[in-house]
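Given as structure tokens, the chain that follows is alone and in the form predicted on its own.
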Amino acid sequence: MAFKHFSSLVLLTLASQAVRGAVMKRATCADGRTTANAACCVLFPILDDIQEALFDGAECGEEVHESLRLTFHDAIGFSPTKGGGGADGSIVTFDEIETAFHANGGIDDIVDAQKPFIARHNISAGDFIQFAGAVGVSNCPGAPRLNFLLGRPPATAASPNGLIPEPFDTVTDILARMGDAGFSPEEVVALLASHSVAAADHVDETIPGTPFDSTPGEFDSQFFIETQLRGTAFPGVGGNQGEVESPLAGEIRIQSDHDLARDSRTACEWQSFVNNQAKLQSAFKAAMDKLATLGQDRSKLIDCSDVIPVPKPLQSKAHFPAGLTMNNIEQACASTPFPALTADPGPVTTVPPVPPS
């Protein structure tokens, strides 16, 4: 019996070593970097190129915001009944058609900026859009490390018009459109975490680069806090379609964000991200993984997630902007109290614009 027990232990040890060896074995690329799959080695030169030449030395800036917007606008062009290839790069391949859609106003700038990289590195437009989005987000402290799967075939047709939600759409219309593409109301809210590192150029043409929250260089829950603050003024000329009053000078608020933060179908999920960085990261990562492979056969894609850089941790804490308190919150979730937060010291916060590249 003792011999049998010893033999079992030996076999278990050898099996464990074999498993560890299989897990630890990685492909070494030409530049010395390693990845779990040798097919992913082609991404390292692209990573270096876009970090330096597109993202201005790996900054969480304007091109990151625009690249993240492009991931959504390309992928959401998908419907089981109306057509569209999803995350297939059609917004670049058929840019003369899709950039003319009303919902894609201003997106031609980032399409034009990404085109040379796509041509230079011989990568499909669908792959490049999602890769650039994942890499760009990694430059923002507090962000999750997004997944990236390689191998999307070239787009074969333009997306139909009318599949991209607009800022002036009702919550019912937005949830219906996103539901048609396979997203739950909770996933819709999670995807809007992208507005934590975003700025608007074309909602109000007089004030390009206007952020959606006071910390556009950080992936944090300030967006979910500040959208629930009572709006008091427009940052620019006002009266723009899809814009409502915001709580801070220099900050813009779009109608759909305002409404989703207050609608009974989404308000509690919205509030749940306040001061919950772990949930914010995990929910956004899962929703983006789903978005980035919309319309694709995942079984034919290669997991190259380990090529995406690891974002820096968030150093700041959730807070009320200076000069504002709980009294300025428009409580919308009926079942859960708003989290207790402290306010920044000093005069009332004014948000500067995001500088152009």
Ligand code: HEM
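Quick note: we count residues from 1 along the sequence shown, nothing fancier. These numbers come from a predicted model, not from an experiment.
Omitted from view is the form predicted together with the named molecule, to which the following refers.
Query raised in the report: in the predicted complex, does each residue in the set Asp220, Lys279 and Pro311 place a non-hydrogen atom within 4.5 angstroms of the named molecule?
Result: So, no: the whole triplet misses the named molecule.
Report task. Answer for Ala87 alone: is it within 4.5 Å of the named molecule in the predicted complex, judged on heavy atom distances? Result -> Because no heavy atom of Ala87 falls inside 4.5 Å of the named molecule in the predicted complex, the answer is no.
Query raised in the report: Does at least one non-hydrogen atom of Thr227 fall within 4.5 angstroms of the named molecule in the predicted complex?
Result: No.
Report task. May I ask you to check whether Lys115 falls inside a 4.5 Å heavy atom distance of the named molecule in the predicted complex? Result -> Answer no; every heavy atom of Lys115 is more than 4.5 Å from the named molecule in the predicted complex.
Query raised in the report: Is there a heavy atom of Ala143 lying 4.5 Å or less from a heavy atom of the named molecule in the predicted complex?
Result: No, no contact at 4.5 Å.
**Report entry** Among 92-100, 164-172, 78-86, 232-240, the region lying within 4.5 Å of the named molecule in the predicted complex by heavy atom distance
**Finding:** Result for this chain: 164-172.
Report task. Scan Leu191, Ala158, Cys268, Leu150 and let me know which has any heavy atom within 4.5 Å of the named molecule in the predicted complex. Result -> It is Leu191 that has a heavy atom within 4.5 Å of the partner.
Query - Members of 202-216 lying within 4.5 angstroms of the named molecule, judged by heavy atom, in the predicted complex - result: His202, Val203, Phe212 sit within 4.5 Å of the partner.
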